[in-house]
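Only one chain is included here, represented as structure tokens and corresponding to the form predicted on its own.
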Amino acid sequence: MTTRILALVGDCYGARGGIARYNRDLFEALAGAGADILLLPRLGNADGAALPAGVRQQPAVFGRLRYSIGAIWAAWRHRPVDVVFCGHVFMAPLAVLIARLLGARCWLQAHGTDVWGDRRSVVRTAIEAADQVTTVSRATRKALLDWVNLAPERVRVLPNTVGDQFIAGASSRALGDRLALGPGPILLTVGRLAASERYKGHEQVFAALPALRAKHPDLVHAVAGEGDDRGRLEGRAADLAPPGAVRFLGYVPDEDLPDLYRLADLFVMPSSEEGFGIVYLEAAACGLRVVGGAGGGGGDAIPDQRVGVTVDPSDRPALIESIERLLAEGRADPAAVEPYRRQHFAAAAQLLLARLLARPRRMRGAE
């Protein structure tokens, strides 16, 4: 019998960012197990996107009230529903309500800043009412369990997965010629330049560049990404870093990211609040060592010295020392990333779905 899933998500197909990518990987895995999935996004446009068989995405709906009404109507039309999936704790109260109306099981996914930032009592009550909760990292799981009244066995870790295109290889000469970053070494940071995500640590790297350039005169920090904070960050780079030491590359399409990773010498993103940090694994899978921040879920994405290290983002000497040491150590061992490959992620996601379906359905309107 086909499992029918209604998914309430912030964004998925036709959207950028780590959470959208995580959602796409998850639904592809669940569809591979024969699930029929209807996605209800708040953002993103899936027109022209190639959706897996068994996955449909409705147009995005802006506004809390309009989205809530539209989700309830879509849920009623999509009956019978076996699982209501909630991709962001902000929507947990709505997801639990719909699950109760339809007698469905509720699966809640938490990423990181969503748990740390949204601590309304109504959200906490909804999380506690979910049948299954998954998080992307042990750090997010701990933060969640420190806040809500849930038995630890009800919260599972389902970390991000690495796409098959992220593998070690020779750097692209064409990309190198186009970007003209010089002889290097090249430090790389990939992430949205959003005012809401200033925890990623761009400015800490800028401030370390004078000392690094004293030993590596041609060192360049390449910053890939776009967002509403770019102008401010460009100003901070001009204030903190030597002239020409920082290059803003703008948005880099997903298909170009593997070549960009292979072109660089070290990935540096000393984030203090990363929920997981899929870019750390992408970089390592392409053979790039990583310096991450000792905060949030970065420890899961940087599991050992084969990948890299985490440092206190506020400790500039430690950041400088780590960058210099890892530059000298050469390439990362991509074998460290194998447990995060798609086949392992898909198997784990499908097992979680099977366990959830083994639970009895809710009685309609029941707690």
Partner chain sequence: MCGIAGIHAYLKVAPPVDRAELGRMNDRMAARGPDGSRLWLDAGGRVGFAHRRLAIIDLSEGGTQPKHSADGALTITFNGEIYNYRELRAELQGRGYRFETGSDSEVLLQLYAEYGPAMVGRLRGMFAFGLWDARSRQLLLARDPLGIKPLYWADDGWTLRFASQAKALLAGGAVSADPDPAGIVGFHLLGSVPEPFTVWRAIHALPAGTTLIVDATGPGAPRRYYDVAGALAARSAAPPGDPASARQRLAAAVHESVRYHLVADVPVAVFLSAGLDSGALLGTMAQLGAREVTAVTLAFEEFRGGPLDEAPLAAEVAARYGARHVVRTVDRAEFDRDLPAILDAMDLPTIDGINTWFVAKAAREAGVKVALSGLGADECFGGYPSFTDVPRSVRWLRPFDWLPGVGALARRGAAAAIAAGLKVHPKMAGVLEYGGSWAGAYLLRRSVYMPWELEDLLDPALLDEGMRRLAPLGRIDAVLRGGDALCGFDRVAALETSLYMRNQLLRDADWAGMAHSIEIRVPYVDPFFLAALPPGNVLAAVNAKEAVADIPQPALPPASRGRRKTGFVTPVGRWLSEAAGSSGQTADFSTASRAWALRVWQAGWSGAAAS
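Positions refer to the first chain, counted from 1. All values reported here derive from a predicted model rather than from experimental measurement.
FYI, the form predicted together with the partner chain isn't displayed, but the following is about it.
Contact annotation: of the candidates K142, R192, R100, R247, the single residue with a non-hydrogen atom within 4.5 angstroms of the partner chain in the predicted bound form is K142. Exactly one listed residue, out of V252, V157, L175, I72, brings a non-hydrogen atom to within 4.5 Å of the partner chain in the predicted bound form: V157. Within 4.5 Å of any heavy atom of the partner chain in the predicted bound form lies no heavy atom of I186.
At least one heavy atom of W147 is located within 4.5 Å of the partner chain in the predicted bound form. Contact annotation: E128 falls within 4.5 Å of the partner chain in the predicted bound form, judged by heavy atom distances. The partner chain is not drawn, but in the predicted bound form it has no heavy atom within 4.5 Å of L357. Contact annotation for the candidate site: P152, D300 and Y340 all lie close to the partner chain in the predicted bound form (heavy atom within 4.5 Å). Here the chain stands by itself, but in the predicted bound form one stretch of 90-98, 207-215, 286-294, 157-165, 157-165, has heavy atoms within 4.5 Å of the partner chain.
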